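The data below hold one chain only, encoded as structure tokens and taken in the form predicted alone.
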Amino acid sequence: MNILIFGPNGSGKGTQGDLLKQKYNLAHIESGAIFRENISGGTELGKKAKAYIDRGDLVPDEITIPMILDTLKAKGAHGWLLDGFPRNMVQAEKLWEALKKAGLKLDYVVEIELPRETAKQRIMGRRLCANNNNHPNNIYIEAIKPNGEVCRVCGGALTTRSDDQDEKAINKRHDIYYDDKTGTLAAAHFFKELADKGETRYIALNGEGSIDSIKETLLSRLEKN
């Protein structure tokens, strides 16, 4: 099973992705980790990407997409979950063409929907577990409040990301995500249109529910198909 997942920062995308990874034994492939692995590993694509990054430039799609495809092929033999890419409409179109050319099937596209203001509040309240960043801890959500100063799941130490407390940084990230003309939402809706044509399957989830309710809905939709 190959899945592409969308959701704004604060939607619980990482948590649901981790649950899918465990349930279906998928390779959870995050775009940021792909860059780090290729650069640290000294691959040819990694060297090219590093040259752009060192100059402070964005890595072009012509390097990013082959890097992603190589990772999907190498790690996703038993299925993959791609998280964090594409971030805009152009990347969505290029990724789709690249997947088709490589003969890689996209079984599902999952979108976790969440109002922008709710997403911002969740970001500012979340706490990161030292043992697993996907353990849900949020001081503003009663169901997943930390156990005092430690992780509610495993008791690990908790920290906050500095940019999680920076409203300007949050707004900048959300400006990109919630742009339904050329941004990340536009990319998600590109795949929704493909699903309408029978090219893939699209699952939209209400991100305002509890972690368990979202998980149950997602699994039921996956297993029904």
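Numbers for residues come from their place in the sequence shown, where the first is 1. Keep in mind that this is a model prediction, so the values were computed, not measured. Between two forms, the rigid core is the largest collection of C-alphas that superpose within 1.5 Å.
The form predicted together with adenosine monophosphate (AMP) is left out here; the points below concern that form.
In the predicted bound form, none of the heavy atoms of F190 sits within 4.5 Å of a heavy atom of adenosine monophosphate (AMP). Looking at K47, you'd find every heavy atom of it more than 4.5 angstroms from adenosine monophosphate (AMP) in the predicted bound form. The shortest heavy atom separation between H135 and adenosine monophosphate (AMP) in the predicted bound form exceeds 4.5 Å. Using a 4.5 angstroms threshold between heavy atoms, D57 counts as touching adenosine monophosphate (AMP) in the predicted bound form. In plain terms, the part of the chain that comes close to adenosine monophosphate (AMP) in the predicted bound form, with a heavy atom within 4.5 Å, is 84-92 out of 116-124, 140-148, 70-78, 84-92. In the predicted bound form, the residues of 13-45 lying within 4.5 Å of adenosine monophosphate (AMP) by at least one heavy atom are, in order, S31, G32, F35, R36.
After superposition on the rigid core, the Cα atom of E37 is displaced by 2 Å or more between this form and the one not shown. A change of 3 Å or more separates the two forms for A51 and A98: their C-alpha atoms lie farther apart in the predicted bound form. Compared with the form shown here, the Cα atoms of G183 and L58 sit 3 Å or more closer together in the predicted bound form.
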